[in-house]
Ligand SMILES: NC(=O)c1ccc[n+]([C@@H]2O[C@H](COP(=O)([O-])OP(=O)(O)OC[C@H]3O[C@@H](n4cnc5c(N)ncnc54)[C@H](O)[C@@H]3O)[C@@H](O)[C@H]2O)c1
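Let's start with one chain on its own, the form predicted alone, as structure tokens.
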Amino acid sequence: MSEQGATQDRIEPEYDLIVIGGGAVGENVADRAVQGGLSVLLVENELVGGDCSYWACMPSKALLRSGAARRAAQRVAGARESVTGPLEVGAVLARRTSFTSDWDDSGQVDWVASAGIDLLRGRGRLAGERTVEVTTSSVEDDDAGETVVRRLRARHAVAVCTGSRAAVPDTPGLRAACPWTSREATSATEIPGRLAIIGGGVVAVEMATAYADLGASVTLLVRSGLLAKEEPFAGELVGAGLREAGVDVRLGVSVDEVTRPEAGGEVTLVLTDGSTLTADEVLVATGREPRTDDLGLDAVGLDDGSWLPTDETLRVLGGDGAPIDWLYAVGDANHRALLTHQGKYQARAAGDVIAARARGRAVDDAAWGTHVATADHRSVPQVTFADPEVASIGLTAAAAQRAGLPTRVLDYEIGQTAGGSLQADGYTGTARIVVDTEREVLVGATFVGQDVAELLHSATVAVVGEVPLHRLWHAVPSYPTMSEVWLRLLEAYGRPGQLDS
């Protein structure tokens, strides 16, 4: 064995494509490129499968599901009488852990191998054009092991799929207090008695919902409004739901200072309204930052730690604004749409276009073409799994107005449909569509209410497909389902081209 802690450098075989980052996005880029006939190396420093599998989408929704199921039963006569007592916290956490495979990525590693993708564990960074350095370390017995720097070259392309991380503000004392981020919140093994959450976005309201369900006393500190990027009624209804669940929702307040005298002890937050708040843990959910630091971007004329803007085929734009023909950024790192499903959508386009360019095949880069991510601009669907759920696609009414579109906005109470009244006694929820009246197509839709997530894809198809309203009249919703809200919204608009009476 070489001297402990020594570093070795060596030249490695070439691959057609090297993907830095083995999360859901990187896996999909690699898979599509392999299907296109390329040899691919996937480089990952943590767990293969990334945040979505282990610290975000899957564990967070698993934490939320038990409480949602319990509330759904409590809202239906006959079922509510049989539901007594609080959630069984241990069972909820065990179910959450099952979805992460106890933070073991063996299954994902097996899938990568079965897909014909080579995997190298280590930290990857750019070292020049089409060149990636991967720093790995091996640990044997009680030795510290050796650090090995492997220099690899890509024949055609390198794809940066390193994602993003929770941003922690420079609030005095906050970082020293060892705050939770979404990672700690989704992987916790104990429920704190008092949890303070800083933020009013998706992560903040989802974790407030989950931890209130699990018995924590939750205080939500929101600088402006809840879910500020959604329609205003979404934040209002979610705020009401949180308060009903016992969450202390404080709007228009920020944190001036945080202190935690002892590790693992109480946290004290000094607020901008002059009050103080004491909690057992504090969760920061105020936004994301790119995981592009120490990525070697300076080697290709870019700034480490920056978002990586791209063209429509996901090639990184250089300092002169022109695309770098061999470098791609896919998923959160490009800041187009920080959602797993949008990242995987981008990944399919990127993997296919990398293969097409490598093989000299035609590139379809027109809007909505095979090799572009057009939907990132105005057709992004998202579900917030709060109580009530918020499901939206496209533009809000305000965003459509800012875009200069001629619009008509239509609302309908979902509880007034037969399906809504059957779903829950006293169902509360609102549906909104935003119609471009010049083209008579939907440009946005929002649903807020219990179990509305499954309404969203029909709206996504309508927005992305620019389905004319006169054709939507012939998409008959099954009775009695909540989808009947589509018919009610169309009736409120009136048949396109219909003469006024």
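Numbering starts at 1 and runs along the sequence shown. Keep in mind it's a predicted model, so treat the numbers as computed, not measured.
The form predicted in complex with the named molecule is left out here; the points below concern that form.
Taken together, the three residues Ser39, Val112 and Arg151 lack any non-hydrogen atom within 4.5 angstroms of the named molecule in the predicted complex.
When you look in the predicted complex, the only residue of Val92, Val383, Leu237, Val300 with a non-hydrogen atom within 4.5 Å of the named molecule is Val383. In summary, among the residues Val372, Ala400, Ile198, Leu242, the only one with a non-hydrogen atom within 4.5 Å of the named molecule in the predicted complex is Ile198. Heavy atoms within 4.5 Å of the named molecule in the predicted complex map, among the stretches 71-79, 200-208, 413-421, 362-370, onto 200-208 alone. Among residues of the shown chain, Thr313 is not one whose heavy atoms approach the named molecule to within 4.5 Å in the predicted complex.
The closest non-hydrogen atom of Ser254 lies within 4.5 Å of the named molecule in the predicted complex. Using a 4.5 Å cutoff between non-hydrogen atoms, Ser224 counts as a contact of the named molecule in the predicted complex. Contact between Arg65 and the named molecule in the predicted complex is not found at the 4.5 Å heavy atom cutoff.
Taking the named molecule as positioned in the predicted complex, the residues of 326-354 that bring a heavy atom within 4.5 Å of it are, in sequence order, Leu338, Leu339.
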